[in-house]
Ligand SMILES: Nc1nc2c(ncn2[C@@H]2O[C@H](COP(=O)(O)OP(=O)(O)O)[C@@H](O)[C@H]2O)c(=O)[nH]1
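One chain follows as structure tokens, the form predicted on its own.
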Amino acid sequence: MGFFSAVKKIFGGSRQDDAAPLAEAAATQEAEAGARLAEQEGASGSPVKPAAEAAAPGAASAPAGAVVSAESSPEDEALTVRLREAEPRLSVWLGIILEGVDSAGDLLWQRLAFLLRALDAPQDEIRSFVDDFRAWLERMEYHHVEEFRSELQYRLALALDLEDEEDERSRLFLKISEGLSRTREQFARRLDTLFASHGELDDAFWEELEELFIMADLGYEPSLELVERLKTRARREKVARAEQARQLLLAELEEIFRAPRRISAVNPPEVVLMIGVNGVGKTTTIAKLAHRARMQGKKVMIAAADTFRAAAIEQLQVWAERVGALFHARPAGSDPASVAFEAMDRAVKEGVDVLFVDTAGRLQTKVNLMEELSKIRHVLGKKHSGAPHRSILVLDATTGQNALSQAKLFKEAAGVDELILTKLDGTAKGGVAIAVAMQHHLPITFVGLGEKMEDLRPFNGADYARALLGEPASGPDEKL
């Protein structure tokens, strides 16, 4: 959905100026949409096929007239006025659009299409978005707005390139805070007690802080390192009182989580190698990443190179169908590298934007692990220069110190570019994120905060640190 990224300008400046595109678009889009559609049909000699039908064969289309209607009505005019006068936030606009809509049906499709037309969306992309969402609701058997409102806002945020908009960042911070509640109950409470029971930053204070870090699943060596870093920062900033140590810790955690800049440009298709042991949530993480890419308008393929378990192949195929991604696999027991090679060949020929390659999650000896993953990396690079562009290690946050040992093993055996931490919601071991980022110097790019598609979110170190310590969210300008 290339046009959607341009809509960010609506959120960037003053309320009156930035809301103006809504009024202008609503006044002209009805006629333009019809003209574009007629022009496309005239050029091809037949009606234009919605993009969603091509991406997800068999998906049901929106009700006739629900998306392409160009009739203006008093209700449309009233909605235009309200949207124009409203604060330019996605959640506010969506609230207006959904007023009086209780369940999925014609009214929902009409309202959703109206909002996208008001944002000057091309008609075929409106169809694609609405068709895709409608088909997803049918697959999930969701009917009432409260069941799918959050997912709808998430999809719009991705499609409109507004994930860093204030409302979305606030939703993410709330989710992180909720997910870290069990960790915070132990970690932050003990910190408060420690800070309150000491006056000076003396040896006794540092020893107790080190013990607290170890109990919070940071591990022995990372705990020692973090205390030394805090001592150095305290001396540099001339901090001597225990009550000031919280801000020292917050600043140090933000520094630890600050990811280095990297070149994101790739020669398409982008190839993402997914690695991690069984049980960490790798399959659902692949599905969530594929879902994000699909909502950003990309053509996605998932390759099942974990050929040792037939159930793994079947599960990945189900997820691929749910998110509207292409799928490539061979029978269980096939050579994983051959699957990767064939998928790469197919992805190039079919114009895929992103290829996710799943790999086996068996705990093996380091030699076997290295050989298998090295072979997959070799055949991917042989077929497509530069592939794989990213190797993502998925770790289960609930395993604490086991996550640290897994990161060490895979980093040495296969090479890792970034980490995804799953199952942060409900774990008391959320402190492992500090240890893994500090010890292995790898960026955490996403965190899993639940089972829904929207529950895989970009990792923001500043917000994570604040949520862990019970501090309010950082402002938009502080985003790392």
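No experiment lies behind these values; they were computed from the predicted model shown. Position 1 is the first residue in the sequence shown; the rest follow in order.
If you look for the form predicted together with the ligand, you will not find it shown, but the lines that follow are about it.
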Which of 278 to 286, 99 to 107, 73 to 81, 341 to 349 has heavy atoms within 4.5 Å of the ligand in the predicted complex?
-> 278 to 286
Answer yes if any heavy atom of Asn402 is within 4.5 Å of a heavy atom of the ligand in the predicted complex; otherwise answer no.
-> no
How about Gln247: is it within 4.5 Å of the ligand in the predicted complex, going by heavy atoms?
-> no
Going by a heavy atom distance of 4.5 Å, is Ser150 a contact of the ligand in the predicted complex?
-> no
State yes or no: in the predicted complex, is some non-hydrogen atom of Leu449 no more than 4.5 angstroms from a non-hydrogen atom of the ligand?
-> yes
Quick one: of Ser374, Gln296, Gln315, Ser334, which gets a non-hydrogen atom within 4.5 angstroms of the ligand in the predicted complex?
-> Gln315
